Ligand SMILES: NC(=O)N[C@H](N)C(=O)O
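There is one chain below, alone, in structure tokens, taken in the form predicted alone.
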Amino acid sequence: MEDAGLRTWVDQMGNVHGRVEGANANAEALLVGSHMDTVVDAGKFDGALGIVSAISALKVMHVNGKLQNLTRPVEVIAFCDEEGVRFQTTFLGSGALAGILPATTLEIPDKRNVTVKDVLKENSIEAAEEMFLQLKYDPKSVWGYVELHIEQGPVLEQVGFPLGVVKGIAGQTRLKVTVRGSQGHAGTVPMSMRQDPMVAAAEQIVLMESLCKHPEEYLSYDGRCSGSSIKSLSSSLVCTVGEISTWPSASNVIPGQVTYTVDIRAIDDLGREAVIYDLSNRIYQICDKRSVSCVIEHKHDAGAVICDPELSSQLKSAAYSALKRMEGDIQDEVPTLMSGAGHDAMAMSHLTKVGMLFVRCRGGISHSPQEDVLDDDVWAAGLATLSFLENL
């Protein structure tokens, strides 16, 4: 950031900032960024590509002596924690700046009972409650937020285009389900007398898959879910169990407790709420039938976000300009697509208008070591970011 001519600092949540004031320091600022973190056993482009592209574009302007020509301040933000892997709470960095996280976030523990506050302190950041609340940006000081990100899906590769404009981001809910039964010896407790939380959890997970594959067969047309919602769910709903843990987790012991996570996403918020309501009821019914207990905790909820039409139009023009510069005349229109993955733009939408640009990734693979982006597509992403900044 400093090499690109930016003034830099690290805030009380660990976000890294780089800012240039441009020709009018009093104008509302454009925020550009993405996240530094990723998931376990992941690739190198998720999040980082958006940060590097923004810094690279500003560095080009710095080298060419054009940074001061910017019509408004531009601030690049490398957010500290978007994925929520460690603390099971997403958007720690962007959520703090958008003002959607309570100060109690500092006390959230990880699996080793180390809190967010503890981690910040280990890194020489004193995150007191008062300072945490001061992280929120004044909406009047911000013009908009733009994020470039790898698609994490196969659509752009399928249509043969390196860049695409995002029209909206699916809403997301994360649940933690804890099933408790009767712990016992694997060899001595008859099958008919068991209260096994493992098989209850297994039945619940298979039910969840069926519900999410065929919501129209499970959800009723009532006050919770309209016909249009069910139609939307049929094309956008995805549900995932990504983590399971058992206690005491021994091969010769009937477990006493099973805990698993559920990730539910859909473009339609009412439909997503209907799925959660119906799924929760069916989970409790399975627990009652098997004489085990269930607790369902809501760990994260984020509504669907529709990107700003003006920003989307500007990003589409910037993408077209970049591709024309690289390839000459472009016949096809830059595609527009929805995002099934959550992004910092979801949190920032609570602060300001947002826009997003997707970059094609090989096979649509992400959250994996096989995650890959063509060098030419990285080049296109950088040129598009540059074009967008030059035409603010």
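Everything quoted here is computed from the prediction, not taken from an experiment. In case it trips you up, residue 1 is the first one in the sequence shown, and so on.
Separately, the form predicted in complex with the ligand exists; it is not shown, and the next lines address it.
Interface residue among 308, 151, 83, 268 relative to the ligand in the predicted complex, by the heavy atom within 4.5 Å criterion: 83. Residue 172 is the only one of 312, 172, 105, 257 with a heavy atom lying within 4.5 Å of the ligand in the predicted complex.
Residues placing heavy atoms within 4.5 Å of the ligand in the predicted complex fall in a single listed stretch, namely 339 to 347, out of 23 to 31, 339 to 347, 321 to 329, 52 to 60. Taking non-hydrogen atoms only, residue 367 approaches the ligand to within 4.5 angstroms in the predicted complex. Contact annotation for residue 91: at least one heavy atom lies within 4.5 Å of the ligand in the predicted complex. Residues of 127 to 142 that come within 4.5 Å of the ligand in the predicted complex, judged by any heavy atom, do not exist; none qualify.
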